[in-house]
Structure formats: structure tokens, C-alpha cells
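Before any questions on how it binds or moves, here is one chain, the form predicted alone, in C-alpha cells.
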């Protein structure tokens, strides 16, 4: 099949170009009210008293006392309250909502309310672990015993804000079927349905969630809408009128979830022939005030801790720490960007200390098909990373430039990262927990309607998944439509996360289309539901973290070239080159869009996106002082995909949404390192950090 070499216009382009796409804040309903959140002003303490202002007629106060079900947000760890009741654990925690028809009045009420606290001493340092995971590989004690020297370094990564175009927003009302109907900016409609049902103490079937147009997500709308959706459902349950709540940008940046900051310590045990006998790895993540999904983020961080390399002996330990700060949660890459950054910098630094070529050391330990993974599973599929590497070096002229830029006074640098990303949920989660399903319905006009809970928030899912079906059926693209996710009509095919949409949901679409083709009867309505069955070779023990973590891996290489201004300490990104193995590309234009966007986000993580925090409050709370890459910062980007079809992927496709981000930070950090002539062990490598590193090294 050659269809993947061309592209299909995104089906939502016309409505967006004409301004007809309806986002959450575009919806207006008769009798609709607005909501605004009252938040904690301290990082930790007991709520002694809440003094409400006099409420005008038609205005309401919604708090924990109004919750008919459980006061918890239904996430993996259900420890985050919908509304703080007796105590607060971070600045900005939701205490209640004011609801009414005029936003200015709501602002005034939020200023007038008085919350009396018994303040307690908050914890901001990584001292209280509330999630712990560990595993070993091989015989680490033997590596320790036989080592002639050790090399040890620590790496730090900071917060990262998703900075999606559309802030968080939810609308809730009771529909004509007496169901709680929610629509809003989201990634996972069925997550919201379960959360609202639990909060209200009702059956999930009494809750309907439908996805409208969504302006970006990047993981930030995976779990957080379960909080805001539950809050609005509680309000609607009390008031029996539609209620909408859309955050302003300041509120979104200041109080919603971010990427986990990390501190990772790597120690290499070196043998007499300069071989790496084993690694001791210690990973610390800042989880904020509540666990949420941090356990899964930690798992992926540890699984990715050796990145694309294979070492015989490992001792890996990770912890998530409770601090009195905004909870951290899902973000594109889900833990792997933190440890991939650390591993890429570390193997480069180890090579330098051993006096060997960094590229040669990387190649020595590069994963190959049949190798044992970090978690004692197996790399089952062909690994074409050497081909990706050769192509990236050819495109970028890497070998010449790395020598040229090493000359004194060049003020230029070139950095290269090699990386992998596991596709889908960890281990057997796809088969034992999610059990995803898709539905295909052919109407009497032979038009095929595709139903899945995969949300489209700009990445092109509705276009790509429909294309997989139309191609498999041999139909024109316009004869196949993917409907928006709606829990009343679409089966639960799992969350739109973990680089699983194409490799899992797309594979189901292809299988379902093949079955529909077999039973096809023109002019007759037909329906087929396809359920996921994972590869039989996947075996995973979550308790020991041993086995096959993912059904397959995607792979990539990024090369980044930078210039350094020794007067201002500013970094300019001059050019980027990337090569990827994502199985087989389904739609080239969409794939390149994902590649460019993901890399730019990874670059921002590596050198621009600083989010300071003091006493539990973010200092960077607007897009004026939280700096993300703009069009002016975007360098020329050249991207190449090399086919390596995966047998369990749609037409051989694997995941790529997260892959394209995880290599950006180490690539630019290594380029900066060469340009300034000093080690980079912390990101973002801002001008202030670079100045500090250079000046400290001069002392």
C-alpha cells in the first residue's frame, strides 16, 4: 500500500479557517450561569472558617458539602479532593465555586470571601516520598566488585507548562434525557464520565460527555478536566441550570498541572577496558500535593532511564515526592523526557571522561533486535537506529561540524540525541485494563461512520483514523467520516495519550474495516465492533517492573546546531535535522507537523521554558514571562522518516506523538555544551544558567 506517501487535508480545516469551529467558550445556552473558583492562598494548613459575603439573588456557593458522592477526583490514585474541605495542600487549591450570571459579580465575590486558616509549615524540598519503585537487571553486585573506577553525575529538569492555545474549559447541564451532559476542552471523555459519576454517586450511564473542537492539550487535558468537570457537575446537581467555567490564561498557568521537575543521579561502574559494567540510577520526581497519575509517570521515567542503550547490569530506583505545590501530571512524553535527557548527557560525559569518542561509545551500547531491555524484556522488532543515525549525520554534516565547532572561539555547537519511546500503555495495560474498542457503521448510502473515543485536539486523529478505514475499504476519503468522541455513541477505545492512538486504535480501525469489507452489502446498514487483543508475547509484572514494557518502540535521532553570544549569553538555534522510525507513516503532512511541533516543544524544554517557583507560587504566570518558542525562534527543520513496519500497527504504523519531543532537550543541551565549552547538567539552559556555569567554572 502506497497511500501513506501522500496526504489528506484535515477534515476540520474548513470550519477552523472559516471561524465556524465551536470551542467550549463559544457555547451559549438559555439560562446558563458562569462559575469562578475560590482558591487557597496558603500552601498548607487547616481551614478553620469560611466567611461568605452576602450573595445576590441568583448566585450560589458550591463546596465540598454539596457533593453527593465521593469528594475525590477519579484518577489512578484517588487522593485529590474535588473541593478542599478541612485542609489545603497547595497555593491555588480549589475550595469552592461561586456561580452566577455575571462574571464581574463573581470576581467581586471571590475578592470578598474570607477563608480563615490555621497555617502549617509547608514542604517544598524532595524529602517525603509517597511513591517508590525499583528494579534490577543482571548481577549489579558483580559490576560494583569488578569496577576500577566510577563516574557519577546529577541532572535536573524543571517544570514545563503545556501552553495549549485554548485554556481549560467545561460546560455542564442536565439534558432532555435527564443525564448530566458535559462538553469541554478534553483528551479523555470516558475519564470525565467516570469522575463525574463517582462525584455524584450515580451510574456512569447517567453521564454523557462529548468532545467539541479542542485547542491543544499535550497531556494537560488528560486528567485535569476530571476535576473541573466534577466541580461543575456538583454545581449543576444543586442549581439545575447550565454552568460554564473557562479559565483565563493567568489562572490556567498558575494552577493547572505541569511536567514533573526531576533530579536524576547516574553512576557508571567502569571496567579495566573502559567498558561500562553497570549503572546505578536514582530518579526523583516532584509530584506536588497529590499523587494523581504520578506513579505511571515514574514507571515510564524509569523504563526510559537507559534510553536507547543496553547495559548488562542495572540498579534502578525512583521516587515521587510529595510537596506543597501544584500537582504535576501528564505531559507529552510522560516521564521519559526527564530521564532521556539525563542518559544522553551522561553517556556523552562518560565518554569525555574516558577519553573516547562519544559517538563510538553510544554505538557500542546501542540496542539491537533481540537484546534484553532495561526491564529484562526483549526488543522483539527490527531496530534501524543505525540507519536513522547515518541519515541524520548525512543531512546535517554532523561529523565535519562537530570537529569544526570544537575549535576555540567558534561560539557554535552541534548536538545529537538518540532516543526511543514505548508505544501504548505500559505492559499488559492495553489488554487487561483498557480493553479498547472501536465501532464502524455503514449507513444505507454506503457512507462509513467511524466511532472511537480518541479525541482530536489538533493532532489530526479524525483525519488519520478515517483515512485508515477508507484506505482499507478502498473508498474515497470523503465516503468515510470519524465522528467526534461522545460517550453515548462511541465505544471506550481508551484515552488519547501514551502514543497509542495510531498503533492501538488505528490497528483496531484497520482490523474492523477488514471485517466490514468481508461482510459488505451495498445499500444496507451494517455495524461492526472491534476489540483489542494484544501481542501474545507481551508479559509484564507491574510489581517487579520486569518484562515487556511495551508492544513496540519508536525511534529517533535529532541533530541541533546553535550559535552562542558570549556577551548576552543568548542561544540561537540555527538548524535542526531529524530522522524517525515510526513504523510506516500514515499521512505525511500530519506526521511532519507532529515532528516539527514536538521538536520545537522539546527545544523549548531544553533552553527557554523556565518556570520559577517560590513558597509554592509560580513566578512565571503569563505567556509574557513564561517564554515558549515563537515563530522567530523556530529554526529551519529537515525531517526524514525511514520505513520499518510494525506487524501490529495500522498498515505498519507505530506511535509518534511523544517521540518527537523527547530528543529535543538533550540535543540542544549538547549543542550548547559544545558552544560554551562547559558541561550542561540542568535544563532549561537559559542565559542566566549559562552565565552561572561559565562564571563558576572560571573560579
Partner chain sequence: MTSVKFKLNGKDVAVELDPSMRLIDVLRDHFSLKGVKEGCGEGSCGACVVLMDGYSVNSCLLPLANVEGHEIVTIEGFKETKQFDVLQKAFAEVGGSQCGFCSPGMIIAAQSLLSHNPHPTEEEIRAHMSGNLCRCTGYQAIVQAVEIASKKGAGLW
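Positions refer to the first chain, counted from 1. This is a predicted model, so every value here is computed, not measured.
Although not depicted, the form predicted together with its partner chain is the subject of the following passage.
Between the options 580, 577, 331, 155, the residue in contact with its partner chain in the predicted complex by a heavy atom within 4.5 angstroms is 331. This chain is displayed alone, yet in the predicted complex one of 629, 261, 242, 547 has a heavy atom within 4.5 Å of its partner chain; that residue is 629. Contact check for residue 620: every heavy atom lies farther than 4.5 Å from its partner chain in the predicted complex. The closest heavy atom approach of residue 54 to its partner chain in the predicted complex falls outside 4.5 Å.
Its partner chain is not drawn, but in the predicted complex it has a heavy atom within 4.5 Å of residue 637. With a 4.5 Å cutoff on heavy atoms, residue 28 counts as touching its partner chain in the predicted complex.
Heavy atoms within 4.5 Å of its partner chain in the predicted complex are found in exactly one of 589 to 597, 399 to 407, 118 to 126, 105 to 113, that being 589 to 597. Counting a residue when any of its non-hydrogen atoms is within 4.5 Å of its partner chain in the predicted complex, there are no hits in 495 to 522.
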